[in-house]
Each structure stands twice: as structure tokens, then as C-alpha cells.
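Only one chain is given next, in C-alpha cells, and it is the form predicted alone.
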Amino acid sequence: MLKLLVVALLLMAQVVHAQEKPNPDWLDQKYSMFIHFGLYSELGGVWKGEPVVNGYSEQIQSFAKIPKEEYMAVAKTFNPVEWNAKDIVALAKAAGMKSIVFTSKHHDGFCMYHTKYTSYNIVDATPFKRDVMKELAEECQRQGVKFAVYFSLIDWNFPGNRITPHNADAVTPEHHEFNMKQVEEIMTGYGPVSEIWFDMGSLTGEQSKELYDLVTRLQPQCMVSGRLGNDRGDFAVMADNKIPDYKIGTPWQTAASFFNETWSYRSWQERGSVDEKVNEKLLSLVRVVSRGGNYLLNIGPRGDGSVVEFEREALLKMGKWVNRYAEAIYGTKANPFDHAAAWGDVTRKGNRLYLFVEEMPENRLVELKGVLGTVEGAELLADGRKLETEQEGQVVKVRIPANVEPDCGMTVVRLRFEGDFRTVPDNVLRTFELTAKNAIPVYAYSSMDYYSSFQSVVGYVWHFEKEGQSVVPTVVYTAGNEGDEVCVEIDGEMQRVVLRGGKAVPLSVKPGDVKWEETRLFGPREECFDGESVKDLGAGQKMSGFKMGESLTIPVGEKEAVYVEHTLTSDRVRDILVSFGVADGFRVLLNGETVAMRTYVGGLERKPEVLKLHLRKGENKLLVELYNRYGKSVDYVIDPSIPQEMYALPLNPMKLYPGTIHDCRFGLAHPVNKNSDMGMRDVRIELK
């Protein structure tokens, strides 16, 4: 009985442990090494004596149009005798990197580990005969560096697959089963895996879920990349070498190469100045960390396994800088202000701010606006030299002496506060009606697949001015949000509530106030649902038989979109409510401005979207994009005859901080996917 009890307790602990995502170690690591190493490394960006200048060199099989048999034959000469896992891990540590992500298999399908599911791998197909990934995994464990893997969801070598320009093809059931087996093999045969970096392909919602569930079941702490698609995954991945100019409210990562043109080794690459590259990549690291992300910097070893000297030297120089300023990088939180300052970036840890001064002001006064707290002191982080500070109200200034020179393009300052402190924006709201338009959005990055990604909104933040000790919030919502569970947080106190049973708040709309005129259809055409403005749709065709409130099936191919344009006139400026049927990707533009953009993948409920449209007097153009991933058609329905009323649901009173400036946060209580857009652009919070 005691033995059974112990087993039960261990299983319970395992379940609790499995729920600890995002992994706090992953969130705090900030800086990691990516390694693109494979059969393509042997070619070094050259085919038959000629440099292949188009595309990434790790995809040389595609860009050079190399026949499959000829490319596979490269394995006979692939013999990376200079590969040294101990040296690679030591280099990552010296660079300040906390984990290593290794390419287990890239698009060419060649496996850099000893898989039992294909002989097309480094042990069975090459003269090297060693499992380089196992050597790296074991060395990471010995040296205390997290081990992680990259895994391509497309495989040009899998029977029946073909090479296409966009690399975002659907994955067949047979190929998906093959991927499942290989991922299970990796998750069970290579020790702890801190993250798995899925890439490319265009999976069904069920395929993404099955892979995610498999990884989480076998290694509960393993973080899964958002490039798994369908908004599955534990962290979002930006486009290659891209750094957002905004903060992201969910775990995220930027993957970067030393040179934007390639990730794997390119023998003819012009590398330039090491010092300039060091400064460039350190600045990128700081920008990523200050926006709350992790920075994954790639190296591409040669075909013989050796590290390119340029990359080694750059990493070692970066490592000296990172180790000197480690306190301002590791374990920090994102810039607490709503945007970066003109002079540079900021990170936070406890009651300290770290200022990365990249553009020194002419008067050498670094200024912070919107600080509620008392400054204790400031110093240069490199040597502890004390700096003069000034504080007046919410403005703090730090003076940098003229004899202080930048270190790799930056001057790093530690600013200390007496106890806790808060930050507020320059513009505090003096209204008691909090809406999407006056909110600070909490951004994420939604991804159906690699080419269908966009900046999503997963929450709202407001700073408002109000006197008193408490406030009573009321949530006003549309019928489309009926049944959603949301959380409202004011000054650290949170309420969760299901939007149901609110009092009706009628809009002043009568029959005949708004007239729906012409409806036209555009497309289909290829469209990456990425949030870009819709342009050059052409003339379109008039939909004479279209009826409001009735579903219409519109033929459209896979990964194509159609556009329905409605012309309507209003007797004056007014708001109306309209219900829309949704597709895999759904975007609405009113008079050229996007008013809604969402995807319905990854388990999201496919229910009608109710939008409040702010019409101008006279003619209005309403354009609806319907994006189709799979299948042969989309169903579209629009209904402006729904009840023209919103619903007001009062919450319990909530305590306010001392003083007059307060914070409010709003979002879904239990989002299905952490990066899916939450909608709710028409929800507002009224304060009394």
C-alpha cells in the first residue's frame, strides 16, 4: 500500500510539474545558440563550382534545383571530422548563451541523429558514422547548458513529397505519422529537451495538436515553438531576423543569423568587420530582451564540422560584454514603460531599472518620464561608478559624464529605487470609459503557418486618473461575446466573470437609417493572411442574388482568399451592430481601416463574429476577407438585422491604490491558445 501511495504521489507531482508552462528557466535564459548544421554544410552554398546566390544555403537543394539522387550522393563525402561537441558547448557558454538549439532535421530530410525510421542519416549514410546530436546533448548535460532541437515539418526526402517555392505545403497523413515517430524518438532518446523548434509546413489543427500533446506528454517542461502552426505552441517566433518595435505579452523569441542571407555555412559569404557585427548583434540582443523576448543567434559550421573563425571571434567578444552586463540581461523583465525611449532600451529586475543608452543625448542627461517612486541612486554597471541623478515629480534624470565612452555601442546604467516603484505613461486617461481605442494593446503573434502570421491582440491595458478608495467597473459587450469568461484587474485586484445576463443597452438604429446597396465579390487570389492592407483587388463581380442573413458557399482554393465588398449608406454618423460568419482567416475593413482580424484555428470556437461598425454619413465601403486553408469553398453570411443592443454587466467594487493614478488590465480568463487574437474590440469597461 505504501508503495502504491508513493507512486500516486509521484504521478501527482508529475502532473503539477507538467502544468508549469511557460518554463521559467526558458523565460529567464534570454540568449541562446542556434546551430544550422547538415548535409548542406558540405556544399557551403556552392553547386558544381558555382555560388548559388538565391535563397538560404541550407535550402540549396531547392534553389539550385539539385536532383534528389545527386543531392543524396553528397552524404558519401560528408565527413565532419572537425566536429567537437565539447568545444561547441564551451563556446556557447563563453558567449553567455544558456541553451543550444540544434538542427535534428532540415527541409532536405537528412537527419543529423541516428534515427531508426530512415537510413538517410549521419550514422548510416556517411563515412562519419557518429551521432553528432547525441554527442551534443550529452555534452550540454555535462557543461550545464540546456539542449534543444530544431525539427523541420516538411521533408523533401519523404516518399511522394516535392520541393515547392514556399515550403508551406500540407503534410500528408503518412508524413505526419512519420514526423510523430521521429519526434517521439527525439523526445525519448536524447535526454532533457528544453525546447523543440518546429518549422515550416502547413499542418491541420489536429496535426498540430497531436504533435504538441506528444511533446508535452513525453517532456512536460519542453517549450514548443509557435511555428508548429494553428496557434499551438508555448512561445511565438518572429519572422527570420525580425525584432518587433513593440512589447509582446506572451513568451516569444527572435531567431537571428549572423548574415540575413543564410543560416548555414556559405563559403563565399562577405563577412566584413567583426567589431561592427558584434555591436549589431548585441544591440539586437538588448532590443529583444527589453521587449520581453529571447534571442536565438545562429552559427553555421563548415562541412568538416569546424566553426567559422569569424563567428567564433564574434561570439567570444559578445560573451565578454554579456558577462560584464549579465545583471541587466538574465532573469530580467521587459521594459516597464509602454515604449522604448529615444535614447535606448530598458530592462527591469525588482526595484532596479537597467538603462541601455544607445543614442547619447547631447546634454548627456538620460531622462525617464512617468515614474512613481523614489530614486535611491545610479551607477555605471560596468565599474560601479556613481552617477548624478535628479528627480522632479514623475521625471527622473541621470547625468552621464563626458568621459564615459560607450562599450560596444552602449552605455549601461543601473538605476535603483527605494522599495517598489511603478511606471505610468505620459498620457493618463481622464475618462471613465475604457475602450479598445484608448487602450494600450497587449500584443502576441498569431500563426496559422509560417506565411500566415500577424500581430494579434490578447489583452488591453489602461492607466486612468480617479480619486477615491474604490471603483465599480461595468463590462459592456456584444452578443458575440456572450458566454466568454474574462478577467478584469484593477490595481492588482482581479475579478473573473462570465459575460452573461447583462442589461440591454440599445443603440439608436431604426429600419431605413442604414441602406445596404451593392455587394461585389473579388478573387479568389493567393493571400498570406498577415494583416497587410488589401490592395489592387480589381473590378470584382456584382453579386445580384446575394441575400443578407443567408449563408452563401463561395468556391475558393486552398490557401486562397475571397473578398466580399458591401456598399452601404447611412443618414448620419452612427454605430450599428452586424453579425458575420467566419472562415479560417477573417478580416473586416470599413472605409479602408481594419476593424477586425482573427484566425479560427487551433480549437477556437467557430461562432459568428458580432462587430460594431462606426459608419460615416453617406456612402461606406465594408470589405470582408475570407481566407481558406483547406477544402474547396468558404461559407459566408452577414446579418445586419440582429438586435441593435449591447449588454452591460456590473462587477463587484474593487479597491484602488493610494493616489489618483490607477491601472486596469483586461483579457480572456482562459484563452484556448495564448497567441490567438481575442477579438473583443467592441468591449468597453465603464468605471463608477
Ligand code: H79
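Keep in mind that this is a model prediction, so the values were computed, not measured. Residue numbers run from 1 along the displayed sequence.
Heads up, the form predicted in complex with this ligand isn't pictured, but that's what we're talking about next.
Picking from 620-628, 653-661, 66-74, 29-37 the stretch near this ligand in the predicted complex, with a 4.5 Å limit on heavy atoms, gives 29-37. A heavy atom within 4.5 Å of this ligand in the predicted complex is found for exactly one of R227, R352, R520, H176: R227. For the options Y647, Y56, W47, Y636, the one in contact with this ligand in the predicted complex, meaning a heavy atom within 4.5 Å, is Y56.
Contact check for Y265: no non-hydrogen atom falls within 4.5 Å of this ligand in the predicted complex. Contact annotation: L282 falls outside 4.5 Å of this ligand in the predicted complex, judged by heavy atom distances. At the 4.5 Å threshold, heavy atoms of D240 reach this ligand in the predicted complex. In the predicted complex, L613 stays away from this ligand, with no heavy atom inside 4.5 Å. Residues of 182-200 lying near this ligand in the predicted complex, listed in sequence order, are W197, D199, M200, the criterion being any heavy atom within 4.5 Å.
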